[in-house]
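Just one chain is shown here, as structure tokens, and it is the form predicted on its own.
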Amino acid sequence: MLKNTGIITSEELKPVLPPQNRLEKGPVAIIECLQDIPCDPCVSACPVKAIQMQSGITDRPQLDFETCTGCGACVPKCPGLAIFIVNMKHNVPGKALLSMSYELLPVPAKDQEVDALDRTGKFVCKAKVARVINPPAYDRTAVVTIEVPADRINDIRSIKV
């Protein structure tokens, strides 16, 4: 349970995961922000207004999966590193793309092999870095996209370089 460990449980994760039919359409965000804290930079970052707060700044962000284009503008703006972009329509059979914020050094490079980790920091598998975006506007928060086994897309949430 999140309250005891700080790690999202599979039950808590269910409402924030896009439905299968939305995953099949292409990239979409997953927001794993489950604490009621005063924070809303993801709302203003979204160019299509797919992220809303239901009752104010201390509410949890709500994502409209059908409106979300998976552009990733929200990913580097989340101070809690709680937003990920999942792309199940990858051109490699059995693989998917997962984009996440990365604030450590060294920043990985495209085509580098990294360790994909779960929410507790445990090794899941090796992953290949597909893309790294790190412009000055992101304020030293790189967005790293890794290629991972499609069936592990909801398990992996970090990398180790």
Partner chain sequence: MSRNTEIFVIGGGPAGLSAAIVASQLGARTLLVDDSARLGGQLIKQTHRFFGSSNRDAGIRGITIAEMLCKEVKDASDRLTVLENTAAVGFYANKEAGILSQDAYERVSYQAAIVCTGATENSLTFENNDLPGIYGAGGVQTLMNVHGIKPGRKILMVGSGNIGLIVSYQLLQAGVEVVGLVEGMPTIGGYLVHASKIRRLGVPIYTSHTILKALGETGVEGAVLCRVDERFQPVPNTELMIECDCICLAVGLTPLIDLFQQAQCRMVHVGELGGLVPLHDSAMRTTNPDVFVAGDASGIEEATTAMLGGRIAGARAFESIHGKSPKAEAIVEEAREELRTLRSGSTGERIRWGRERVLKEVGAC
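Only a predicted model underlies this, so the values are computations on that prediction, with no experimental measurement involved. Positions refer to the first chain, counted from 1.
Just so it is clear, the following notes concern the form predicted together with the partner chain, a form of the same protein that is not shown.
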- Check 40, 44 and 77: does every one of them have a heavy atom within 4.5 Å of the partner chain in the model of the complex? yes
- Even though the partner chain is not shown here, does residue 151 get within 4.5 Å of it in the model of the complex, heavy atoms only? no
- Closest heavy atom of residue 82 to the partner chain in the model of the complex, within 4.5 Å or not? yes
- Item | Proximity of residue 118 to the partner chain in the model of the complex, heavy atoms at 4.5 Å | yes
- Query: Do residue 14 and the partner chain come within 4.5 Å of each other in the model of the complex, heavy atoms counted?
  - Reply: no
- Query: For the chain seen here without its partner, which of 124-132, 22-30, 101-109, 65-73 has a heavy atom within 4.5 Å of the partner chain in the model of the complex?
  - Reply: 101-109
- What residues in 127-149 sit within 4.5 Å of the partner chain in the model of the complex, counting heavy atoms only? 138, 139, 140, 141
